[in-house]
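Have a look below at one chain only, the form predicted on its own, in structure tokens format.
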Amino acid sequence: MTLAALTRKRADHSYGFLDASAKRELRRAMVKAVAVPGCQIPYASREVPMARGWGTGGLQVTLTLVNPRSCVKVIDQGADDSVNAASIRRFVTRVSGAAGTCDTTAATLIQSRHRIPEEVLRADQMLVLQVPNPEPLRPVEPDMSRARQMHADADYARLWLILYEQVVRAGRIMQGAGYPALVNGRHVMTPSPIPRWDLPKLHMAEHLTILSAGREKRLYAVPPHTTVEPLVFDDIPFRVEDHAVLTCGRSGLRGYFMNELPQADGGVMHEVSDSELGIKAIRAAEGSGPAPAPTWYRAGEFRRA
């Protein structure tokens, strides 16, 4: 027996890096997820050239959906130019031949970590959200077998209890990113670690959203025109982050979700989290580009276009 006999000749990878079997399985899982909105569908998560926990679930879905006519946008915490976003975008375009873009309106396939773009997504666009922990019941039920039974029974009393305890102790619901939401009136999901600001963007949206957790080997979906209702009490309305009065120090935009940047003098400067929206606003003010497309929020108030 020789070493040559134990190895195979070099072969190029499959289109989109993943092999055909992996893509078939993921597509079947996505069809099931669309058919049962919010329900977690298991799949055999494959190895991709990045570490678990850095967006492998979203990357596998993106590689399954991408085709040569796609235009891919990748966001990391709202930014297109971060190392993670730029690396994933470069990898997807290289293995698929698809075009890459930072413009939300030009993209047909958007992969995001922790944010949904501020510009309204269309019916011909798909959003893929990276999810570190897909199980909303994990804080109240660590046994996943029992958690699945609770989902089957639509038993979410313990989640309501957590929210109630927050109201009793703090006077308001303190749940921030990953706020639990009821999808299509049946399954409670955790909508990735997106801020509360982004949760209303999923409700009755025109676009399809796929949420995937590679490390946990599960994905779920929010199809177009599907209700996504945050868990709230009748007398305590759901509130997003109070960023309506904040102004971006670079673009001058006001009434959008902002990042807080500490300054050398001890103060802070705010910058719009959606970096491409800020760039568009600056270019439009300089007369070197078009104005941003319609956004979900205007003056800090959610208004569907």
Partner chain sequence: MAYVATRGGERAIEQAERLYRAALGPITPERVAGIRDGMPLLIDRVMGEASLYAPDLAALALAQTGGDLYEAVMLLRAWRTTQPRLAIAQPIQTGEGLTHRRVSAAFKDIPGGQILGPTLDYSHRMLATAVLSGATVTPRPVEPAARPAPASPPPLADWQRAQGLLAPLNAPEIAPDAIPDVTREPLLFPASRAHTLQSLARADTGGMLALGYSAMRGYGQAHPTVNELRLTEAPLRVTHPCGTIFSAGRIRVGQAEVVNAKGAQLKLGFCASFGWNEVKTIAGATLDLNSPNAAPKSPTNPEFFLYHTEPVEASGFCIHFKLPHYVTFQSALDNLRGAARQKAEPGVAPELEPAE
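Positions refer to the first chain, counted from 1. The model shown is predicted, which means the values in this text are computed figures rather than measured ones.
FYI, the form predicted together with the partner chain isn't displayed, but the following is about it.
Proximity to the partner chain in the predicted bound form, defined as a heavy atom within 4.5 Å, holds among 186, 225, 172, 122 only for 172. Within 4.5 Å of the partner chain in the predicted bound form, a heavy atom is found for none of 117, 203 and 229. For the chain shown alone, residue 176 is a contact residue for the partner chain in the predicted bound form, at least one non-hydrogen atom being within 4.5 angstroms. At least one heavy atom of residue 17 is located within 4.5 Å of the partner chain in the predicted bound form.
In the predicted bound form, the partner chain sits beyond 4.5 Å of every heavy atom of residue 32. Within this chain, residue 141 lines the site of the partner chain in the predicted bound form, having a heavy atom no more than 4.5 Å away. In sequence order, 46, 47, 48, 49, 50, 51, 52, 53, 54, 76, 77 are the residues of 45-77 having a heavy atom within 4.5 Å of the partner chain in the predicted bound form; the partner itself is omitted from this view.
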